[in-house]
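Shown next as structure tokens: one chain only, the form predicted on its own.
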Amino acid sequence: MPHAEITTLATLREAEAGCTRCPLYRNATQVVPGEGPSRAKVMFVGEQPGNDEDLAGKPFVGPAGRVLDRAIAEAGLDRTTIFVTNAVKHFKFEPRGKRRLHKKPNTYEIDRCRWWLEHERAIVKPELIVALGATAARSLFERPVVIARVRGNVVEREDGTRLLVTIHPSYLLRIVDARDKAAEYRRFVSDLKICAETLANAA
């Protein structure tokens, strides 16, 4: 249940900065709150900040963010009108020499951080939420979700929230074969076009 005193994105960011709801805050550089208009029609939810996001304090500014920006534009959407956030607000990583390698959030961390996502939803009140990957889908559906089963379809939660599930753009970065990567990217853009069409039909 969202806290009564947190009613704006500014107060939410202040509260998130002091978050100790799970142990991830101990090693992260800083919290990475969501970013975008306070009354965005669409909200994109990723997994968690990466190394670049952890250092910048902003979501989707690294390689996956650049892929997302390009796909958003090709789908006919405007990134400046979208609220972009993550299911988990602190960077979870494994030190490997001087590098910090991404480590997948566990169920406890996802569930503990859902409180912040619920605040974002309550403030922004998006018409449609796009879940980027399994962690985001797990947080929004509050249960494990198989991406292949629900991908590309707009589904409605019990509370009336409409959700569209697709892959996380970081998946595209891991595909080695150029032809496979191009095909998966086109499919990703197609998913985001469904988002654009859904918003257009609701207007």
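A residue's number is simply how far along the shown sequence it sits, counting from 1. Just so we're clear, the structure is a prediction, and the values are computed from it rather than from any experiment.
Just so you know, the form predicted together with a small molecule exists too; it's not on screen, but the next bit is about it.
Site annotation in the predicted bound form: the residue of 168, 41, 162, 138 reaching within 4.5 Å of the small molecule with a heavy atom is 168. Within 4.5 Å of some heavy atom of the small molecule in the predicted bound form lies at least one heavy atom of residue 50. Mapping the unseen interface onto this chain, residue 34 falls outside it, with no heavy atom inside 4.5 Å of the small molecule in the predicted bound form. Of the candidate stretches 138-146, 56-64, 151-159, 174-182, only 56-64 has residues whose heavy atoms lie within 4.5 Å of the small molecule in the predicted bound form.
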